[in-house]
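Listed next as structure tokens is one chain, alone, in the form predicted alone.
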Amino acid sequence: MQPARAPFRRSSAPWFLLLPAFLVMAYAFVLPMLVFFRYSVYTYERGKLIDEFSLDTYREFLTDPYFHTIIFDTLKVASITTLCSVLVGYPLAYALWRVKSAAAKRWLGLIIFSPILVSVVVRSYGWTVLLADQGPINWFLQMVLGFPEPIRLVFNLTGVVISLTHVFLPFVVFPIYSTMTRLDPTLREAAMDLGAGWWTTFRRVTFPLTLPGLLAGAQICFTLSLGAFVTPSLLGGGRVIVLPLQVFTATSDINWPLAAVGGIALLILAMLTVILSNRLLRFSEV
């Protein structure tokens, strides 16, 4: 009987190791989502929450053009932030990969990672000062580049995207850099030996092999941008309304059914993003 128990213990050991993580996820994620679903079918009337089953909040959220605009703005902010992060992050990851000096590589990596070390409130106020009409960026544009008047860079979509790109850039750079460090150098050497130039080698060898890292970084950046709250609140100036702000406002008004439906919509958008990006990752690895 003893030999028969050993395989069972070996097969069940991973599940016991995963049990604490499952318990934490059940308490911190599954249970709150069940509470969300419960409150989403409550009735909110005249500032009071009524424990009465109703789908009116779902109907309002799906039919009201105001919420359509919020969803569109949320997706727009996340899409533009992801695009800017990819356009800046890929060349930055490539430069980090090509740097030969180990000390320079460490310092460059620290500089790229540094936005995460700063409080989001401090970082947002810092960008408010930099992007203000009388701030240093507008001073440079007017005094050095000759712009006739200040450009509105804060309390609008532009300021929100700039700040979000700044903070989410490391989440794009390091997955790309990780895939680059695993590239087989003989593939690039073989391409150059066969007469391919730098651009052809990059386009036909380096970029396709680093595409999984690019898609993974874009997925992380997009999902984090969907849930951004502090930056749109401070740098949006009330003009950029996204789903997290709508959820916060509804919660403050004790309109928990509307807050719950907004949170569920945010979760669905994030899940759709993950599913789509995973399919693209599978396709890129074929």
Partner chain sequence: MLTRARRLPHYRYILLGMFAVAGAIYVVAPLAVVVLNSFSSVAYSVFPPEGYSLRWYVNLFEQQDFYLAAVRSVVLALIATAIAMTVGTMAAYSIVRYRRPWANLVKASLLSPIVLPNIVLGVAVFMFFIRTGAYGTYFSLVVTHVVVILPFVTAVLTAALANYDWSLQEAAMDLGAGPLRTFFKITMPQISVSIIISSLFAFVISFDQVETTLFLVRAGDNTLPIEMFLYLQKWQDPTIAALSSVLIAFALVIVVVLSLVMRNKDLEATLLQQDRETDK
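In this text, all values refer to a predicted model and were calculated from it rather than measured experimentally. Positions refer to the first chain, counted from 1. The term rigid core refers to the maximal set of C-alpha atoms that superpose within 1.5 Å between the two forms.
From this point on, the text means the form predicted together with its partner chain, which you will not see here.
Item to check | Touches its partner chain in the predicted bound form: Ser79 (any heavy atom, 4.5 Å) | outcome: No - in the predicted bound form, heavy atoms of Ser79 and its partner chain never come within 4.5 Å of each other.
Checklist entry - Is Ile162 close enough to its partner chain in the predicted bound form to count, meaning some heavy atom within 4.5 Å? => result Taking the distances in the predicted bound form, the answer for Ile162 is yes, it comes within 4.5 Å of its partner chain.
Checklist entry - Hey, in the predicted bound form, is Leu87 touching its partner chain, heavy atoms inside 4.5 Å? => result The answer is yes: Leu87 has a heavy atom within 4.5 Å of its partner chain.
Item to check | 4.5 angstroms heavy atom contact with its partner chain in the predicted bound form for Tyr27 | outcome: Taking the distances in the predicted bound form, the answer for Tyr27 is yes, it comes within 4.5 Å of its partner chain.
Checklist entry - What is the one choice in Leu75, Leu211, Leu108, Leu141 with a heavy atom within 4.5 Å of its partner chain in the predicted bound form? => result Checked against the cut-off, the match is Leu108.
Item to check | One residue of Tyr44, Phe67, Tyr58, Tyr39 in contact with its partner chain, assessed in the predicted bound form (non-hydrogen atom, 4.5 angstroms) | outcome: Only one option qualifies, and that one is Tyr39.
Next on the checklist: Just to make sure I understand: among 198-220, which residues lie within 4.5 Å of its partner chain in the predicted bound form, judging by heavy atoms?
Outcome noted: The one in contact is Trp198.
Next on the checklist: If the two forms are fitted on the core, does Leu23 show a Cα displacement reaching 2 angstroms between this form and the one not shown?
Outcome noted: Where the cores coincide, Leu23 still shows a C-alpha shift between this form and the one not shown that is 2 Å or more.
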